[in-house]
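Alright, here's a single protein chain in two forms, structure 1 and structure 2, each given by itself as structure tokens.
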Structure 1
């Protein structure tokens, strides 16, 4: 028991230290690397909080994909860094900010310490109703059955974000390919890795999706893995990023949401409500939604990292 306490204590101290360092360090590149480290440490914290699904998501998206995104950005912004840094606010505003941030922290700490005991929880209700979905993973049950609308809207969020990113395309390049052209180095290590890893990654992604019904995992984690494999192949120069005007690409982007909506509406005549599943068929339908969504999520995440088109088709 004491070992556990020691572990939790060190982890928390480490997380806070890395967070402070990420904020304080002058070099932005270092800050981004700090953030990647922070994401991985945070995933450990999630495991300690018995939220393995969240840990996987945090490690894959919070730590992994966000870091790739930020590293790419920081390299491109390097030339403007010193100019922007010169604008650091004066001592008074820093003090005010510290007071504000400090009081928010104090208020939150107070609330955390006074949270009711025993804690209110929906776990019993989830446990009582999860049988109707025949899922073993309660989190997947919440995401795809009880609170399916949130998950549906989240898929819409991803589409909106991608549309918003694409708005930033310079007019002449509309319909072009996102990201720079990556040269393939046939004998390079990266090309080797990009040939070796994706088959493995795809297997793992399908596995993560499949077990997500009963164990930690699901479409987001699997989709992120696929996105990472795709990005790896693109950055190694093995495949090209597709032009954003491609019809198949558009179709694949909305596939998950369309399947979700279709099954949702099928629930009206078959199960009596939008987003309800017919008795006994919940699990296969949910897996169908998850499989379609995984593809759309993978493509969307990958394209979000690549950014708006930068060259012609």
Structure 2
């Protein structure tokens, strides 16, 4: 048997097994660890499919940041976990859930199996026009040119997710600092790493953003790296989380969306359509959108991990 085929088959079985185990396990922390493992396995699957951009995003967001958010949620809810375990759904509820899950699975299988041959695709049109963007990375070209509205909405959704987290803030603490206060240990290993790694992480993040125009990379991967470096400095006690009432912070959170919309609306008189780019200027405009979005994504992801304000400003 071909080794590549054996590896791919084993990877599929492992992904399915981890997914089933994550859903079936009763311990919340174990389920989160299973979810993180599932995300990393999916990243490996994307690599096998030659979708390195998707693999980087899955590893950073799915396997990394989302898992951290879930771990924080588990810690906050640990006191009520035993009571939740005692509340076992009735047979009717479990039967209805099983029927609903089976129906959705069957519907998805039916859609996939009844696709016309050849499947409908816009690939020829994209291939014929992708050169006008001057981008070497087809993924970035598609996301910022042919699916620009979807990409814009993804950035907006992140901000709304942060607003949802902030709504959990007690009224007396509104406008305060998110997360606990971390004490600085000058001789500690965490402080050492927080001084050593962020300069390297920032350089790598800028590189990942810059090469995203022609190679795998982009704003989400770079923003996640920046968020991780910022959180490391906060947890080491080198810097404080900013109060959410700061105007510069709120402005930075929407900077990516504002730049995206400004360039999009400028396309109406200059290129004849919303989110269209003037001929010969697509690449610099896309890089400008990516750079502004990277900063907003980094702040948003970091604040999502820190959670709602827990201290006064």
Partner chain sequence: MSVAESTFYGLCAAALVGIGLYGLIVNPQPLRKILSFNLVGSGVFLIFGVVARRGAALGMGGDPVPQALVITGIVVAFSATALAVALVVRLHETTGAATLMPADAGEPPTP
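Numbering follows the first chain given and starts at 1. Every value quoted in this text rests on a predicted model; they were computed, and no experiment measured them. Rigid core (definition): largest C-alpha set, two forms, superposition within 1.5 Å.
Participant: Does the form predicted in complex with the partner chain correspond to structure 1 or to structure 2?
Facilitator: Form predicted in complex with the partner chain: structure 1.
Participant: Taking the rigid core as the reference frame, is the Cα of residue 32 displaced by 2 Å or more between the two structures?
Facilitator: Result for residue 32: yes, a 2 Å-plus shift.
Participant: Core-aligned, is the CA shift for residue 41 between the two structures 2 angstroms or more?
Facilitator: Yes: residue 41 shifts by at least 2 Å between the two structures.
Participant: Does the C-alpha of residue 70 move 2 Å or more between the two structures once the rigid core is lined up?
Facilitator: Yes, because once the rigid core is superposed, the C-alpha of residue 70 moves 2 Å or more between the two structures.
Participant: Superposing on the core, what C-alpha displacement does residue 121 show between the two structures, in angstrom?
Facilitator: Here residue 121 registers a C-alpha shift of 4.3 Å.
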